[in-house]
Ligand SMILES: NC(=O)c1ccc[n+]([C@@H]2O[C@H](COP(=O)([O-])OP(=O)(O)OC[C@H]3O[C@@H](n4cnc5c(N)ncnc54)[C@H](OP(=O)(O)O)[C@@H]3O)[C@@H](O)[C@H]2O)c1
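To begin, one chain is listed below as structure tokens, in the form predicted on its own.
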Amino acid sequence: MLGAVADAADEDAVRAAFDLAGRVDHVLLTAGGYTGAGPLTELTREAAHEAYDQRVWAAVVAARLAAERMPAGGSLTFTSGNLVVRPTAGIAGAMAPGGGIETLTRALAVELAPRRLRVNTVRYGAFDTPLLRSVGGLPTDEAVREAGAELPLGRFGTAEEAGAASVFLMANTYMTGQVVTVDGGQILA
């Protein structure tokens, strides 16, 4: 197993990572962020393009380069967030590309099916990670516990629980074109 890190929107960097790997059986792309977040009236073309590049273009690049070297039975797994289906004010610019990922997942699943390659997406809720702690303003364990207590399961998920969804999609050879929500019921609250 090899993990590689690259700027996912930089095609040359992604190609170098794939060249290092050689044969690729499964790809998990977790690229993206909150670029473009803020009021619509303040959203700039540059921020919108950056958000698109970080998510959608990065997925297109990864899919194209992986498909060149992936054997039948391989898979691509992308990520989106539950704010795609339950938005809040001020995230249109940041979350529109997440919706694009979910659409791209279905389109690529159809296109790559004749090669027996699978494409899926995990739609994540909030998990107790460094990103949640920094962006969510939850710097301490106590702050995370208090905020998580309001959720249906009474807590945020763990990084291990988040990762298990991606492993499931890679391992289940009959899953393709699916968006699997893993959020502990957060979209229900």
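Position 1 is the first residue in the sequence shown; the rest follow in order. Fair warning: this is a prediction, and the values are worked out from it, not measured in the lab.
As for the form predicted in complex with the named molecule, it is not shown, yet the points below apply to it.
- Query: Hey, in the predicted complex, does G81 get a heavy atom within 4.5 angstroms of the named molecule?
  - Reply: Yes.
- Query: Is A66 close enough to touch the named molecule in the predicted complex, meaning at least one heavy atom pair within 4.5 Å?
  - Reply: Judged by the heavy-atom cut-off of 4.5 Å, A66 is well away from the named molecule in the predicted complex.
- Query: For A6, is any heavy atom within 4.5 Å of the named molecule in the predicted complex, or not?
  - Reply: Although the named molecule is absent here, A6 would touch it in the predicted complex, with heavy atoms inside 4.5 Å.
- Mark L40 yes when one of its heavy atoms lies within 4.5 Å of a heavy atom of the named molecule in the predicted complex, and no otherwise. Result no; L40 lies far from the named molecule in the predicted complex.
- Query: Is the named molecule close enough to M70, G73 and F168 in the predicted complex that each of the three has a heavy atom within 4.5 Å of it?
  - Reply: The answer is no; none of M70, G73 and F168 reaches the named molecule.
- Query: Heavy atom within 4.5 Å of the named molecule in the predicted complex: which of A47, A147, L132, V60?
  - Reply: That would be L132.
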